[in-house]
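In the structure tokens that follow, a single protein chain appears in two forms: structure 1, then structure 2.
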Structure 1
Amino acid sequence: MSINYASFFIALIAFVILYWLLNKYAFGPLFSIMEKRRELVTSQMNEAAQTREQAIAYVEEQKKALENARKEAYDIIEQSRQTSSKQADQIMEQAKVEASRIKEDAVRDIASEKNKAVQELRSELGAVSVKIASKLLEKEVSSDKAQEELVDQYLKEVGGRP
């Protein structure tokens, strides 16, 4: 082994030149690219974190909105249920009132019809009685007004009893 001084200095110079060339033409651009990528990754990660936060806030908001909508819907249903039951009650009440009124009318009608019928029957019965009496009495009893009234009075006494 011996040191060759020419090789020694040539190696020294060659290495320095290689270092300079690499630094200028290869490593410099490479380092800047790597730095750029590092920045890109950092910014993208920040962006992702931000987006996630936004998404969480958005979901929270949506949840709240959904909750509100549900409550509103429930309220509306409740309200309509109350309204409908009230209306039904009202309708029932009206129907009842109507029914009772109709019933009363009917009862009144029946009563008046009955009275009328009784009246008619009575007058007819009077006439028939007079005829029967006139037949029975022949000539003694004429069919004039005074006698008819008398018969009527008797009949009233008889038939007026309920």
Structure 2
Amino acid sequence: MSINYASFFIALIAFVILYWLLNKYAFGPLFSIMEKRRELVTSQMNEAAQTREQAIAYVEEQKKALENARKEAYDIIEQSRQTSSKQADQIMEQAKVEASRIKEDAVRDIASEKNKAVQELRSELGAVSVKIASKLLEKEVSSDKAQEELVDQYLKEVGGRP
């Protein structure tokens, strides 16, 4: 096998010219487009990383805000419980004071009515005693037993017993 040097040089020269033309007109724009694409992908990756970091920061911020809201809600509920407990205690205390006042008024009324009843009973007893004495004076009885029967009879009349 023999090498044809003339064809070899022509092929070599054609290859060099083709390489030079491709390098000048095709590879430059192609590499430029590839470089722009690489920069675009890099910038998108950087933006994605920044967005992810912002999202993480936002999620953390939202967690803190939610935790603060829960704490405030718990504080409000606890404050409401304490307030309602205080109000319940105040209402109970007022009810006790009112019940005590009503009881004292009732005791005073009972004592007053008792005193009135005792006064009326005394006045009636005095009147009855006078009637008994006048009846005894009107009637003269010789025995003690007869006097006792007379007193019992008048007491029965006064007491409303037959």
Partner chain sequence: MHTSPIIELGGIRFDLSAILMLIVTCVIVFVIAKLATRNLSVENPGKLQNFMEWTVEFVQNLISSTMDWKKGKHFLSLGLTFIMFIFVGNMLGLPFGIVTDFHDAGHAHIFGKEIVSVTEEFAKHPDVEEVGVAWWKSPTADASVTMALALIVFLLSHFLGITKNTKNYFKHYFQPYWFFFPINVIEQFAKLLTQGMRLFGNIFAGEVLISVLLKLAALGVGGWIASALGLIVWQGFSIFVGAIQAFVFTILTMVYISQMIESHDEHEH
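The first residue in the sequence of structure 1 is number 1, and each one after it adds one. Everything quoted here is computed from the prediction, not taken from an experiment. Take the two forms, superpose them, and find the largest set of C-alpha atoms that agree within 1.5 Å; that set is the rigid core.
Trainee: Working through the pair one at a time, identify the form predicted together with the partner chain and give its number.
Mentor: Only structure 1 fits here, because that chain is the form predicted together with the partner chain.
Trainee: Given a core-based superposition, decide whether the C-alpha of A69 shifts by 2 Å or more between structures 1 and 2.
Mentor: It does not reach a 2 Å shift.
Trainee: Please say whether, between structures 1 and 2, the C-alpha of A26 moves by 2 Å or more once the core is aligned.
Mentor: Result for A26: yes, a 2 Å-plus shift.
Trainee: If the rigid core is lined up, how many Å does the C-alpha atom of F9 shift between structures 1 and 2?
Mentor: Core-aligned C-alpha shift comes out at 5.9 Å.
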